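The chain below stands alone and is given in structure tokens; this is the form predicted alone.
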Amino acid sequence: MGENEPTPVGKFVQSLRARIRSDNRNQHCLLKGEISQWKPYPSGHTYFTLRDDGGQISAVIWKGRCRIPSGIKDGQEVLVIGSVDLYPARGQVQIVVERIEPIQKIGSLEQQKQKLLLQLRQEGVLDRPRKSLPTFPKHLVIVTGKGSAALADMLQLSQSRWPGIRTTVIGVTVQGDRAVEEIVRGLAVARMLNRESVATSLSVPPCDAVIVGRGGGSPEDLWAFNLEPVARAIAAMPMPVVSAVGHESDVLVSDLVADVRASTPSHAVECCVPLVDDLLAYLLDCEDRMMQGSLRQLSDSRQQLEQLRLRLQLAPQKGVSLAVRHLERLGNDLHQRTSAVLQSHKQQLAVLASALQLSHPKRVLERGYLMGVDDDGKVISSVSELNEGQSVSLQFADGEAHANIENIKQNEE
């Protein structure tokens, strides 16, 4: 459409919705107001209006999105955590509720959490620019409970998505009196790993992404991730941090200050670690599309030259000399442009191939590392997975060897 042509309403509304959703200030807002027009529907969704003397806004609780306390009714004052959205069919701004609690049922811990969120928002911590995750991660650090089911799931998933990816686990206590201190310590160790790798130019790459979190539990079990020392430690990290605490319905302070919020620990791995097969397929597709585009451009140019040649044959003799010189200039220009296009495509393909090659698991083996594999072909990532007398395969860059485990010694924390 031209610059002065009108925009279709649907396109405008969708564009407005995208802008609303992309603004971090519209995500996980803490609101206080009075319930009116409370309407649960058979579909499982609940619609209502949140209002006070200064204004009102529509709100919706999607089925299964959050727990609805019993006894919610019109006229009740509540606290709501939710994100701003736009319903395109009606052009209606609404709050998609992630949590709702009657004010009289908010305990002292929840009040502390809300006070901390307000303080962080006033300081600009919640509105700061967020760091992006790397496209090709070289070193992933996981700060979580050692030996937990969440850690086992994350390690298994990361190896299946990108076999041989460099992963460092920092085991910490994730609930109880020592949880806050140990989570903060774990994040400090991740920062130290990053600084030492950069300063000493070690063969181990600096960590470029951190996952911090744990599996599900009661609100009390997860409460360490709602406390100020953990929130400030996450916000101060020099590399991007993914918060992965509990389940999708759990929204913690750590989720709101981290660069990326994952609904579960497994989802955090999916955010950080790409599928190597997808990248290889993408690279091959890029190569094919660049080649096809070059061939189409060559074909179009040849057709233009042929048309010019035919026009030249039909032109009067008087203009033959001028047309020949013009044709020669066009031929030279075509040759130069075609060569430049092909060279540009080759360079783009070389950059993609180089990036993928540098991140490929085999490069780790070529630097002198080896990878242990059990009889089922599973990568051995921890000494706790070994048994005395077990037969294992040792994978090197130039081959493999078989060994039997005679003595197992596990490092003390």
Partner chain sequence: MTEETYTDALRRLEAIVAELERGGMDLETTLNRFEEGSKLLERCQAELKEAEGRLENLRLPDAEAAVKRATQD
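Just so we're clear, the structure is a prediction, and the values are computed from it rather than from any experiment. Numbering follows the first chain given and starts at 1.
We do not show the form predicted together with its partner chain, though everything after this point is about it.
Only one of R185, H326, R128, R121 lies close to its partner chain in the predicted bound form, with a heavy atom inside 4.5 Å, and it is R185. Distance criterion of 4.5 Å from any heavy atom to its partner chain in the predicted bound form singles out T135 from the list T135, N332, Q313, S218. Proximity of L116, N226 and A244 to its partner chain in the predicted bound form is absent: no residue of the three has a non-hydrogen atom within 4.5 angstroms.
Partner proximity in the predicted bound form, defined as non-hydrogen atoms within 4.5 angstroms of its partner chain, places exactly one of 259 to 267, 90 to 98, 69 to 77, 158 to 166 at the interface: 158 to 166.
Among heavy atoms of R309, none comes within 4.5 Å of its partner chain in the predicted bound form.
Although the partner is absent here, L298 lies within 4.5 Å of its partner chain in the predicted bound form, judged by heavy atoms. When its partner chain is considered in the predicted bound form, K146 lines it closely, a heavy atom lying within 4.5 Å. Its partner chain in the predicted bound form is not approached by Q112, whose heavy atoms all lie more than 4.5 angstroms from it.
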